[in-house]
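What follows is one chain in structure tokens, specifically the form predicted alone.
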Amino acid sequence: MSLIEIKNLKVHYPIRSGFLNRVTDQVKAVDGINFNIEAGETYGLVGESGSGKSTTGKSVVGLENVTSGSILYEGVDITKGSARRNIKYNQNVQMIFQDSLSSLNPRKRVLDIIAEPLRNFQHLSAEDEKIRVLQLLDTVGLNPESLYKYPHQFSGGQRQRIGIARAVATNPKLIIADEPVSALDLSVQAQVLNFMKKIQREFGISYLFISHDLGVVRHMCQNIAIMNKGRLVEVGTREDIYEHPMHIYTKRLLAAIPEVDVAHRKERQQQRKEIEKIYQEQSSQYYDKDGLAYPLIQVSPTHFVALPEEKLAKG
């Protein structure tokens, strides 16, 4: 049994207009997606801004209402009734946000920020709570003097570590990491990603790792889903996505990965131009008449792609 199973998940927002504020249309932010996350794995959900990936993550953690479909946690559908409370879902599923500054209360000290989930779920004594927070600070590489400081007194990378410490405070089984390093410098990104891997090994955590950057995702994820306009366009293992991409949108994202090696930079720039030209000329072949992705078709035991069957037959 998978830790998390997403089945035909839809999140639609009504568009209202007129004097009576009637619903005239809807925005299909997430439009019928499916994927599973296994215990202990890091699952990548990738797409550009507006693709629906962050809405998906917020739906899993409970910050967005689900229009239809199901989210099964260890076989229990947490979108139904009191199921979330009965299985301690809010304790077992936590989130790391993109903007570490806005996600940390500027009026609270680090002690209170990290202790907040402990107070909600574990009700420790003041002394035990402090000991636990100090242990968490040590885990993410921050010194004990951080305990009584405020978020603005830390760098962006340090604040993200505080966010990670808060997320793991309750020993969750799953963490939704929504663009956790996109606001950080490259050198700091590597530090935070390595901390996330370290914590995963120590605590046995699964991640839903949400990002627009396939370069970062390659470093973190075993299985990856590519999302565009609320639907999945390609799903597979790391090797499937990086070595055998089939959808033009996936190829476009891969071409956007910066080339570190100066000797190959011009070659990568040329490849990017070629892919962009193909995307502009042929992208309509990859989407239906409404500009949305086709249903996924299985092309190997682990690889799925959203193509019309006639396109798939032509290779």
Ligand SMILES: Nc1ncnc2c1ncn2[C@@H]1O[C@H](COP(=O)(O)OP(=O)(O)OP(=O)(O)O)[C@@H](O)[C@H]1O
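In this text, residue numbers run from 1 along the sequence as written. Here the structure is a predicted model, which is why all the values come from computation and not from measurement.
Another form exists, predicted together with the named molecule; not displayed. Remarks below refer to it.
Participant: Of these, Glu38, Glu276, Asp288, Glu48, which has a heavy atom no more than 4.5 Å from the named molecule in the predicted complex?
Facilitator: Looking at the other structure, the residue within range turns out to be Glu48.
Participant: Given that the named molecule is left out here, which of Val66, Val27, Leu63, Ala256 has a heavy atom within 4.5 Å of it in the predicted complex?
Facilitator: Checking each option against the named molecule in the predicted complex, the one that comes within 4.5 Å is Val27.
Participant: Counting any heavy atom within 4.5 Å as contact, can you tell me which stretch out of 53-61, 279-287, 266-274, 66-74 lines the named molecule in the predicted complex?
Facilitator: Residues of 53-61 come within 4.5 Å of the partner.
Participant: Do Asp240 and the named molecule share at least one heavy atom pair within 4.5 Å in the predicted complex?
Facilitator: No, Asp240 sits far enough from the named molecule in the predicted complex that none of its heavy atoms falls within 4.5 Å.
Participant: Would Glu129 show up as a contact with the named molecule in the predicted complex if we use heavy atoms at 4.5 Å?
Facilitator: Glu129: no, not in contact with the named molecule in the predicted complex.
Participant: Does anything in 170-185 come within 4.5 Å of the named molecule in the predicted complex by heavy atoms, and if so which residues, in order?
Facilitator: Counting only heavy atoms within 4.5 Å of the named molecule in the predicted complex, the single contacting residue of 170-185 is Glu179.
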